[in-house]
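Form predicted on its own, single chain, as structure tokens, below.
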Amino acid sequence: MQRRTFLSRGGAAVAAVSPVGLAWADAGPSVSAPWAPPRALAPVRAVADRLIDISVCTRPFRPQGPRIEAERRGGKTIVHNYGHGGSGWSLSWGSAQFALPMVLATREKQVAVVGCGAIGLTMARVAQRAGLRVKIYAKDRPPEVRSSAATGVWSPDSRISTEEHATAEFVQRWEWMARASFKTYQSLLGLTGDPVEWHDGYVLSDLPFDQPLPPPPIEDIEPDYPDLESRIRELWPRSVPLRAHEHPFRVPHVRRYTQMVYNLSVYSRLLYDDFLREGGEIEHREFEHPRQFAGLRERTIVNATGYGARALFGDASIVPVRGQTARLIPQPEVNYNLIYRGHNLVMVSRRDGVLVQAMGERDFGNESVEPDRALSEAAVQRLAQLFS
């Protein structure tokens, strides 16, 4: 599946913004929804001068999928845990639990984690729960880390591998990690600040959902990604079609879905504070070569550097995928998400603001982190046009 076609069938396999569970194969006949949502949903105040932040991140995509393996180097054991594409937050707990036996096999009680993003923080918490003493070494901390700029939705198969690398072993491992992560996230529901929530969302389309979109420009073509969502399909409600009187949007075709959302500012702080509360340490350190690991007192090191592993370990298989998000001033009354199929527009309602994402040109393989305000302003304008 290609980047610009992801909205034609759900998109969990492509962009981090896209929720699992929107497969249009679920559509069935055009019938009324089991319950009628309120037509008078609170409209988004989609005005460019309400933009309070524009962030850019580079998702660390590996065609082979995440690297989770151990190696001996310079008298140390390095457990790699990086390369999750657009699924870092979504798979963080499962990938940490998958990597934990490799850490425990060293029999070391003190462990270093290099990196303080989604994977590093979660790996540190999982290691602490296993009774280990953990110290994080990182150049940046939240909210400066790249994963703080993520959209914050459940998308465990977003750019997780190419189709050719989705072997039976890989798919089985992915399913295990997805289910383990999902179970942990359900245990975080209802906590103070709502670090994790379930939201309703609406997919909007100018064309019938069974009608394909035009192909993307040749310069925007990406690899084919595996369709994995059928492995965990029972974890979320199916999307349902809505009739014109059941929604307020200015488009002819609408489906309602349900999606898990992470309020990243609250959730990152929760992980960070829990890590420190349980005796964790954090030291500012920047590494330019693995030889520098020799200076660490810990003999077991988890490499959770994400896209940074490309330079640090010379992993040329990592492909940067640029993603830009913008936040409008928070609107507590807007408690739903939107996807506008075929228009590269996604909106996610979070506690720290109404997040708007639009895909630019040539995002795949693009390592630029320079914000493009015009791109976000155009997305906000498209969003405004959806409301009556």
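Note that residue numbering begins at 1 and tracks the sequence as displayed. Model, not experiment: these values are computed from the prediction.
This protein has a second form, the form predicted in complex with a small molecule, left out of what is shown; the following refers to that one.
- Message: To test your reading of this chain, name the stretch in 44-52, 337-345, 66-74, 321-329 whose heavy atoms come within 4.5 Å of the small molecule in the predicted complex.
- Response: Result for this chain: 321-329.
- Message: How about residue 296 - does it come within 4.5 Å of the small molecule in the predicted complex, if we only consider non-hydrogen atoms?
- Response: Heavy-atom contact with the small molecule at 4.5 Å: absent for residue 296.
- Query: Would residue 146 show up as a contact with the small molecule in the predicted complex if we use heavy atoms at 4.5 Å?
  - Reply: Yes, residue 146 sits close enough to the small molecule in the predicted complex that at least one of its heavy atoms falls within 4.5 Å.
- Message: So, residue 349 and the small molecule: in the predicted complex, are they within 4.5 Å at any heavy atom pair?
- Response: No - in the predicted complex, heavy atoms of residue 349 and the small molecule never come within 4.5 Å of each other.
- Going by a heavy atom distance of 4.5 Å, is residue 287 a contact of the small molecule in the predicted complex? Result yes; residue 287 sits at the interface with the small molecule in the predicted complex.
- So, 95, 174 and 226: all three within 4.5 Å of the small molecule in the predicted complex by heavy atoms, or not? Per the other structure, none of 95, 174 and 226 touch the small molecule.
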